[in-house]
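Next up is one chain by itself, shown in C-alpha cells, the form predicted on its own.
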C-alpha cells in the first residue's frame, strides 16, 4: 500500500488550503478514485475529504438550478425539480450505475471520473494516460469500446460518464473555486480532447475544487430524453448514448440539443447536427442527414467501426421519438 495523509475538510476554505498542497487530491464519494488508488494508478500524497461540502440543490433568482458538487447521484436523480425540468438528466443518472454506487457517488466526482479503458488499468500495458510518451496499446489492441470521434494517435479512450453527457446537452456550467477566487466554465469546455497530452483530461488547475454545476431553463429541457445502448441491460458503460431535446414552433425545429456519450474522450456535443436541424422540419430524413453530417469525421478502429452506424441509428431514433411523441 502506498502511504498517504488523510485530511477531513469541514469548510470550503480549509479544503482549498489543503488541496493546494503538493500531491493533494480531493475525495468525495471515492467510487472511482479509491479504485484507482487500489490499482496504484493514482498515488496521492494527501487525500482531502470534502464529503458533506456543496451538498445542496438550490433554485436561483434567474430560474436556474444550482447543483452542488457534493450532491449524491441518487438525490439528484430523484429531485422533483430535476425530473420535471430536466428529465434527460435524471434518466442519464439512473442509467449510469447501480443504486449502491449512486447512493455514494457525487456530482463533482462523476465529472472527474477517469476512463475505464482496460489498458489504462493494466500496468503491464502501454498507456499515455498513465505514463507520458509510453504509447497506446489500445490503438492496435482490443478497442471495441473506444473512441470514434476526437481521438488521437496518443489516446483512443472514452469518457465513461452518463450524467456529463446530459449536462453537455443542457448547456450546464461548471462552477469552480480556488484560493484565487471563482470561475465558471461551460461543461462542453471543461473536458479536453487527448491530442498529444491525454494525461490532461480537464481544464482544472492545481488546487481548484468543483463547487457545483448550474443548469439554466431552456426550451429543449422539458421535451428531452437520454438513450443508452450497452452490451447488457444494466450497469454497463455506454457503447453509444444520446442526450437530446427538441423545441418546436409552428411545425419546425426552433431549437435542438444533442450530446453523445461513449464516442470520445469527453462528452461530445453534436453542434454540426444541431446546426443542420435548426429551423427545419422534424422529419426522419432531416434527422438522418444531420446524423450523417455529425459523424462524417468519425473514424473506427479494428473492433469499434460498428459504432459509427450504431450512433447514426440511435441519434435518428431518439430524435424521431421526441418529434413524434413529445416524450418527456
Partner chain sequence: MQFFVNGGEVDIDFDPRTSLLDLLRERLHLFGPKKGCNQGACGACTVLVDGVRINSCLALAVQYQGREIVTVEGLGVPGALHPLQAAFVEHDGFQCGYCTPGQICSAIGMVSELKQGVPSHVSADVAAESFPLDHDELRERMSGNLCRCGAYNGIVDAIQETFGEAKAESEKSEAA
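Positions refer to the first chain, counted from 1. None of these values were measured; they are calculated from a predicted model.
A second form of this protein, the form predicted together with the partner chain, is not displayed here; the remarks below concern that form.
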| said: Only one of 290, 28, 67, 259 gets a heavy atom within 4.5 Å of the partner chain in the predicted complex. Which one? | reply: 28
| query | Of these, 196, 123, 84, 255, which has a heavy atom no more than 4.5 Å from the partner chain in the predicted complex? | reply | 84
| Within a 4.5 Å heavy atom cut-off, is residue 103 in contact with the partner chain in the predicted complex? | yes
| query | With the cut-off set at 4.5 Å between non-hydrogen atoms, does residue 235 touch the partner chain in the predicted complex? | reply | yes
| request: Please check if residue 58 has a heavy atom lying within 4.5 Å of any heavy atom of the partner chain in the predicted complex. | output: no
| So in the predicted complex, does any heavy atom of residue 95 sit within 4.5 Å of the partner chain? | yes
| Are all three residues 129, 183 and 313 in contact with the partner chain in the predicted complex, where contact means a non-hydrogen atom within 4.5 Å? | no
| said: Taking 4.5 angstroms as the heavy atom distance cut-off, pick the stretch from 274 to 282, 296 to 304, 261 to 269, 46 to 54 that is near the partner chain in the predicted complex. | reply: 46 to 54
| request: Between 33 to 66 and the partner chain in the predicted complex, list the residues on our side with a heavy atom within 4.5 Å. | output: 34, 35, 38, 47, 49
